[in-house]
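Just the one chain here, laid out as structure tokens, in the form predicted on its own.
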Amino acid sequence: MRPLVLAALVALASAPASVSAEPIAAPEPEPRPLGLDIRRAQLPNGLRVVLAVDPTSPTVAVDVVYDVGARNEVPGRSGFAHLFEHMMFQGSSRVPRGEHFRLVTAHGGTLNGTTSSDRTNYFELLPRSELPLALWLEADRMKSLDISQSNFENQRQVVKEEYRMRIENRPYAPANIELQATVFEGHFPYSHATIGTMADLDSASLDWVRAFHNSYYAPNNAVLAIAGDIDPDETLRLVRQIFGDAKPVANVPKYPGGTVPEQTAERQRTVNDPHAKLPAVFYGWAAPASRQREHYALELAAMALGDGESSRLYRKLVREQSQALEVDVSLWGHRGPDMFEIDVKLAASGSLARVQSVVEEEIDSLARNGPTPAELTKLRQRIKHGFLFGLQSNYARAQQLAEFELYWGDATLLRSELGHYLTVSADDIRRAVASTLTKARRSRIEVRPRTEGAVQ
């Protein structure tokens, strides 16, 4: 049986638009809000609760999202949010180390945690009968995490090994970090990698780690989202019973905010990567924050340039000219200042000059003319399908709802989110590309393979 949300999305998505012969594709009608059953509440201790009811699926997803990520860190203490992604599984007052995993998997569930620049989340997906277990486990570590010296040292070494595997020994990863630092130069919240640096991990003290935890990991700095086959009244009663005595913090540190300094000339760097087999070039531009009108337009522009084998850059660089093996175009999705990124990994016979020429030609074409009517129709269909399937699972809905509540203050905004994409016009895309993807605002990282060396 299809989940209820899938049926609702299918029913509410507008019919596919036909390809127009007009210079600009006709705008789609404003779609009706999605029929998601969303309930919101807040406990006296500040914990925000979002419930999404779907009686057609016999599972339940629990997602606790804390309003702390890499953007909340300060120079010299990077990587702390990611470190706590690991620390939160090291035991609490009533759950020994490793027991959280054992209990969830023994009851037919899965679990994990993730960290980004904007938040840290912890989730469980379980049979609906095991909802009390998931809530109890999350509440216990919210209230009484075991931040001991032994746990801290153990997880510091785990994260350092992760850094070696994911950054130092992974092809092209150092270049991606260099691109982030270059695009957000002068704006620390988004200029550093979520995993932090080896130097900051080495210098971290237990007192610093405890202070970081005491500042952010509290009910009044979190959202609890639950999606699946639940009785909303009974679920809210359970949440109040289990989380109600979690103590809030008096003053959550205020996010410093700020803007990315205006860039007036292209920035170029070279990274010598001994693990890369072939050259590559990464481009990045500072972009508006998510959910702004220009950001929606840039998301469609990214799809036109690099989403799938029929996209402009893939078609020209990979299929027609054999200049590249891979092309990827995306925005990072930050709630604050964002980044538009184009990555091209060259073929053995590829020419860096030719790749750059094609990239510039296609950006210029979008900036002058926007997408063709056929492209815009295709983009709208891909947006519909991606949005639909992106909400199909209970966990995906819980995560999206939690982030909308945390980032934008209202989970029900998700109901109308699809409409913001479908009403983007070809002219919106043209203007966004023309104003954002300029050469003067561009950062460019060239990757040289199999040569030892540092960033130049």
Partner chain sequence: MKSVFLFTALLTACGATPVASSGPPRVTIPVAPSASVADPGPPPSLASKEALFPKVARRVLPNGLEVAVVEAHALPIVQVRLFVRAGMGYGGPALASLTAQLLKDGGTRSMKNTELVERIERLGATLSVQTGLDSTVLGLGITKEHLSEAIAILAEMVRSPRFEETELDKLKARATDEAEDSARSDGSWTATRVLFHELYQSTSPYAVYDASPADIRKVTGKTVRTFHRRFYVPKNTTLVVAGDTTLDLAADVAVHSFGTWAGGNAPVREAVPLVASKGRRVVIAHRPQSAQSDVFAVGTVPQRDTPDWPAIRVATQVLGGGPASRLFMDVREKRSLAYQTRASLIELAQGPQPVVAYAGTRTAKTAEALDGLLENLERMVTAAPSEDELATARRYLVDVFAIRMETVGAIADMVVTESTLGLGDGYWDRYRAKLRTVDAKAVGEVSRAMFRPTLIVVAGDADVIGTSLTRFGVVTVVDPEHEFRLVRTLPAAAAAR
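What you see is a predicted model, and the numbers here were worked out from it, not measured in a lab. Positions refer to the first chain, counted from 1.
Below, we turn to the form predicted in complex with the partner chain, even though it does not appear here.
query = For V327, is any heavy atom within 4.5 Å of the partner chain in the predicted complex, or not?
reply = No - in the predicted complex, heavy atoms of V327 and the partner chain never come within 4.5 Å of each other.
inquiry  = Residue-level contact is defined here as any heavy atom of the residue lying within 4.5 Å of the partner chain in the predicted complex; does L238 satisfy this criterion?
reply    = Because a heavy atom of L238 falls inside 4.5 Å of the partner chain in the predicted complex, the answer is yes.
query = Looking in the predicted complex, any heavy atom of F188 within 4.5 Å of the partner chain?
reply = Answer no; every heavy atom of F188 is more than 4.5 Å from the partner chain in the predicted complex.
ask   = Can R269 be called a contact residue for the partner chain in the predicted complex at 4.5 Å between heavy atoms?
value = Close contact is absent here: in the predicted complex, R269 is far from the partner chain, nothing within 4.5 Å, heavy atoms only.
key: Candidate site D200, Y255 and T436: all three near the partner chain in the predicted complex by heavy atom within 4.5 Å   = Checked in the predicted complex: no contact with the partner chain for any of the three.
query = Here the chain is shown alone; which of N369, T110, S357, S215 has a heavy atom within 4.5 Å of the partner chain in the predicted complex?
reply = Checking each option against the partner chain in the predicted complex, the one that comes within 4.5 Å is T110.
key: The unique member of E362, E294, D343, E178 whose heavy atoms fall within 4.5 Å of the partner chain in the predicted complex   = That would be D343.
task = Would you point out which of 261 to 269, 294 to 302, 207 to 215, 130 to 138 contains residues with a non-hydrogen atom within 4.5 Å of the partner chain in the predicted complex?
result = In the other structure, the partner sits against 130 to 138.
message = Using a 4.5 Å cut-off on any heavy atom, which residues of 158 to 184 would contact the partner chain in the predicted complex?
response = Contacting residues: V158, E161, E162, R164, M165, R166, E168, N169, P171, Y172, N176.
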